[in-house]
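As a starting point, one isolated chain is supplied in structure tokens, in the form predicted alone.
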């Protein structure tokens, strides 16, 4: 395989984008993940203040995510516009249990919000952080990616703009190299993948504000405890079923949390990480102590395939 030349890629991509964008307004929706943030910073090299960068606060992100993203971009001279749309997303996701329907409803809501922003800022282009793995998995029918439009039957013309995907030929390890070369900090280029629909993909069953708060706390604990463990991705999942537990010596029904930690190169295949048992016990103790509604903590040892990395 030909070695990836990151500097050459950036130079060629900027040279390629200049005549396409031609100094016209564009909009980029960044989630704070390595893909969308890298695409944003790359295109900002071409358009500067003609690029409007937005963060859609859908209520499904990590704790304090909007401020984290704002601070990162501010250090690079990029202003961030935050759209507070959590109530709208929760309203649209209410009652939906099926995983694929959940992703589709998120995608529809996401583009409704994004469409309004496009009209407001009169953008001609939409910048997306789609990467090669997104396209491959959508074509194979493994899951619906909210940011792969042509493959899922959404025409960009419906939103009155053209789609620019500067990273669509790259896999995650290459994107990380581009991010680092563009001057992004390790907190971005070394960051674990986070799904487009956010914590909605880590809740089995209906998504509610209460369930999101539980999984957000569990996610924070898992990320803190496994931050020094070499891995591709680590997170928590909230089950829809309840399990029997003990509270003050009495039987009670409580929540079930699964811990998922995997090693992977390109997200197309993955193996469960071998984690020290004492570390797993510490995570369990923190979760059941800091989130009293949780009575069972499990560790998922299933590779991909036959499983996927995410649950929903």
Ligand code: XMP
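Just so we're on the same page, rigid core means the largest C-alpha set that superposes within 1.5 Å between forms. Predicted model only: the values in this text are computed from it and were never measured. Numbering follows the first chain given and starts at 1.
Separately, the form predicted in complex with the ligand exists; it is not shown, and the next lines address it.
- Taking the partner from the other structure, the ligand in the model of the complex has a heavy atom within 4.5 Å of a heavy atom of residue 309.
- The ligand in the model of the complex is not approached by residue 92, whose heavy atoms all lie more than 4.5 angstroms from it.
- By the criterion of a heavy atom within 4.5 Å, residue 102 is excluded from the residues contacting the ligand in the model of the complex.
- Remark: residue 304 counts among the residues lining the ligand in the model of the complex, judged by a heavy atom distance of 4.5 Å or less.
- Contact with the ligand in the model of the complex, judged by any heavy atom within 4.5 Å, is made by just one of 261, 267, 39, 287: 267.
- Look at 204-212, 118-126, 237-245, 187-195: in the model of the complex, residues with non-hydrogen atoms within 4.5 angstroms of the ligand sit in 187-195.
- Annotation for residue 131: C-alpha shift of 2 angstroms or more between the shown form and the other one, rigid core superposed.
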